[in-house]
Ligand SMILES: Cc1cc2nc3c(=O)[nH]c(=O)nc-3n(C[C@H](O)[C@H](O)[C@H](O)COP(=O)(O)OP(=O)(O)OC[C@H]3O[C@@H](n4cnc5c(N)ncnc54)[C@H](O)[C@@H]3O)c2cc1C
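Starting off, we have a lone chain in the form predicted on its own, written out as structure tokens.
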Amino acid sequence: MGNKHPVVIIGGGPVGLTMSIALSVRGIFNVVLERQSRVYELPRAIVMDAEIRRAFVELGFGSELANVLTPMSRADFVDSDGNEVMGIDVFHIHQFGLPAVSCHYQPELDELLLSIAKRCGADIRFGCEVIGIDATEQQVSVTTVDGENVCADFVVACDGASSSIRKKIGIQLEDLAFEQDWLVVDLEILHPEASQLPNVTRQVCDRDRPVTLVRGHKNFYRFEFQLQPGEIPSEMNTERTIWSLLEKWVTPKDVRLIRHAAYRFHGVVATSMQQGRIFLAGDSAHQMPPFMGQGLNTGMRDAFNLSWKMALVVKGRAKRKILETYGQERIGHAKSVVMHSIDTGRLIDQIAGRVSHGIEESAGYGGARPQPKLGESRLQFGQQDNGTMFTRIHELEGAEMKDGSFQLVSSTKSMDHFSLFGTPLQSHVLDGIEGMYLVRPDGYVAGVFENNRELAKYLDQIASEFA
């Protein structure tokens, strides 16, 4: 049977590796079981937002990550004639002290995450397919295809959209009623100095065939072509068809074809992200069309939310009950992101004049749609800014959030000393702050308090319930 590990992660893709890194940095040993023999060699996700990049900075890997990212320049919607309908210069926008959106080449990103995860001390086992899982009140036992049993206090299933673990434990997916077939094509520009491809992420709202263009990291470029009624994905997914679709923009002399694949874009969210000691994260828990580039980012948010809570539980500083807040917070947030992505896809058809969905332009790039918030949980206080990332997190000098500390931010130095989960709150003074902001280890605002008395009452309540 072997020793029992604190955490076993099923799936060694970018979400599983992120979960591994976030746990290891917090001192929690973990085992990653991946059925493939190596990191996946073809690109899938292409975008990382500032929130996710900031989380890696807080874990200590910001400079390494910067080497595999290129800040996005511009994003827009154009009509069939190329006339801009709406757009935004992304390059000049910063959030949390970082470029708002950056592009990556996922095989390169995955190799970096793997390198960091190994360096942090995780036991990463490739070619290790999981065929069974059995959970009791005390532990989870995972069975691999070679007959080995790997036991753990907790299991995190990051095993993708077709997750066998999700199916084995009986968690259902809520269908958010969006399905479209698209052809995705990844290219490398051979002569970038002479390329006429626009340096932009663009939704071409063409009545006959909507197309997405994405200028990626380095010299990588992506096209996505919406398939039309009567077109069979397997028949369209041929090099001959690919080059005929691309001929408006490039020829085989201009680019190297990296991959092409037919996908059915859809939107689903798990009805639960936890069953006892087993948790879902990433595509096993939610899937969305790629129009906002938020699929992988949403999975990484899962990892950053769950990891600090799980670390507190494994270390004995918090009760298991705190893990229930994971699904409470993440399902609502993920569903908001999926719906935004769906609305963006519907807006493309609407602008093209193909169908009217009544979608407002706030669903597009440069729109004023509010940022999604975490779903309500007992960890949150009040309404002002709670459940959102603290916008000035990059100004918290000396903050050690990776050790599980909460940060107390106000415009004046607090003379009182508070603690939570056995760790003193780290106090910061920032000009222009109204009230006392309590910031969690994942960078999200737990609550905004008017005075020490109100804060102390909240801390007592949290300690009583979760510590």
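Numbers follow the displayed sequence, beginning with 1. All values derive from a computational prediction rather than experimental measurement.
We do not show the form predicted together with the named molecule, though everything after this point is about it.
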* Asked: Only one of 128, 352, 337, 268 has a non-hydrogen atom within 4.5 angstroms of the named molecule in the predicted complex; which is it?
  -> 128
* Asked: Considering 33, 55, 408, 28, which brings a non-hydrogen atom within 4.5 Å of the named molecule in the predicted complex?
  -> 33
* To do: Just one of 326-334, 87-95, 160-168, 246-254 has residues with a heavy atom within 4.5 Å of the named molecule in the predicted complex, so point it out.
  => 160-168
* For residue 184, is any heavy atom within 4.5 Å of the named molecule in the predicted complex, or not? -> yes
* Asked: Are any of the heavy atoms in residue 290 no more than 4.5 Å from a heavy atom of the named molecule in the predicted complex?
  -> yes
* Report whether the minimum heavy atom distance between residue 295 and the named molecule in the predicted complex is within 4.5 Å. => yes
* To do: Answer yes if any heavy atom of residue 44 is within 4.5 Å of a heavy atom of the named molecule in the predicted complex; otherwise answer no.
  => yes
* Any residue of 8-40 that, in the predicted complex, places a heavy atom within 4.5 Å of the named molecule -> 10, 11, 12, 13, 14, 15, 16, 33, 34, 35, 36
